[in-house]
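The chain that follows stands alone, in the form predicted alone, written as structure tokens.
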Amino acid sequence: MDKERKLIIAGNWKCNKTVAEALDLVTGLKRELAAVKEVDVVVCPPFTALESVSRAILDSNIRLGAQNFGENGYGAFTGEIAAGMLKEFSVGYVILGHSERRQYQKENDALIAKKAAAAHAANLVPIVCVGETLLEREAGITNQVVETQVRGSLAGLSPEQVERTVLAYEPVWAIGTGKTATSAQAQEVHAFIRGVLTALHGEAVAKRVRIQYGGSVKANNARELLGQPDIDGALVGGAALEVRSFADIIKNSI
């Protein structure tokens, strides 16, 4: 698949996998994906498995991501994880603003922007999630919601930092529901997001930002979704928890 931006496919394991299960999964992925060079492959285990997975993928083409981190760094922040702790395990990416954290932990755009800035300061690549609920889509305000989230979550970042940020468009109604936005629906929002980026930082920057799609991505819809001109990868949930399903998504995207 010929794309001007290199595809990035990340597996968000969410609150799943013991250390032993995590090692089984990445061992299988290393075997299945050893020849893949066309896609940046990232796995995002829970914090408890980061060290073990980091060691396991050291000699592979798989990169490591975290699912969140604290914006304040080291200090008296009980229950938080500092960027420096992630860097110790060679973490290169961090998911920020996932809809589940927006919903359950009440994270807002301003907080996500602080985390994105802290990620860049630590030389971590943030994967910033945006997306509308079913009610918002049915109300016809998808673009309004997504633009507000994009502008708010990237506020304060320099053009160079925005260029190094990965955005993930995840319609909330399609996460873990089995429902998927059609390729046309997904492309429409991705193109809109790129337009927002153009308005913020110019066309040259917007053209270089990678925008993933997330929301019930599977092997059988990966090729059509990722073949769209403004879709540059996938943020995969449930299908990332098994070797075969995740590997097949990646292989079908090439």
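What you see is a predicted model, and the numbers here were worked out from it, not measured in a lab. Start at 1 and count along the sequence shown; that's the residue number.
Omitted here: the form predicted together with 2-phosphoglycolic acid. The next part is about that form.
- Among Ala118, Ile175, Val150, Val162, the residue placing a heavy atom within 4.5 Å of 2-phosphoglycolic acid in the model of the complex is Ile175.
- Residue heavy atoms within 4.5 Å of 2-phosphoglycolic acid in the model of the complex occur in exactly one stretch of 187 to 195, 212 to 220, 51 to 59, 37 to 45, and that stretch is 212 to 220.
- Heavy atoms of Asp109 never reach within 4.5 Å of 2-phosphoglycolic acid in the model of the complex, leaving it off the interface.
- In the model of the complex, at least one heavy atom of Lys14 sits within 4.5 Å of 2-phosphoglycolic acid.
- In the model of the complex, at least one heavy atom of Glu100 sits within 4.5 Å of 2-phosphoglycolic acid.
- Proximity of Val236 to 2-phosphoglycolic acid in the model of the complex: non-hydrogen atoms within 4.5 Å are present.
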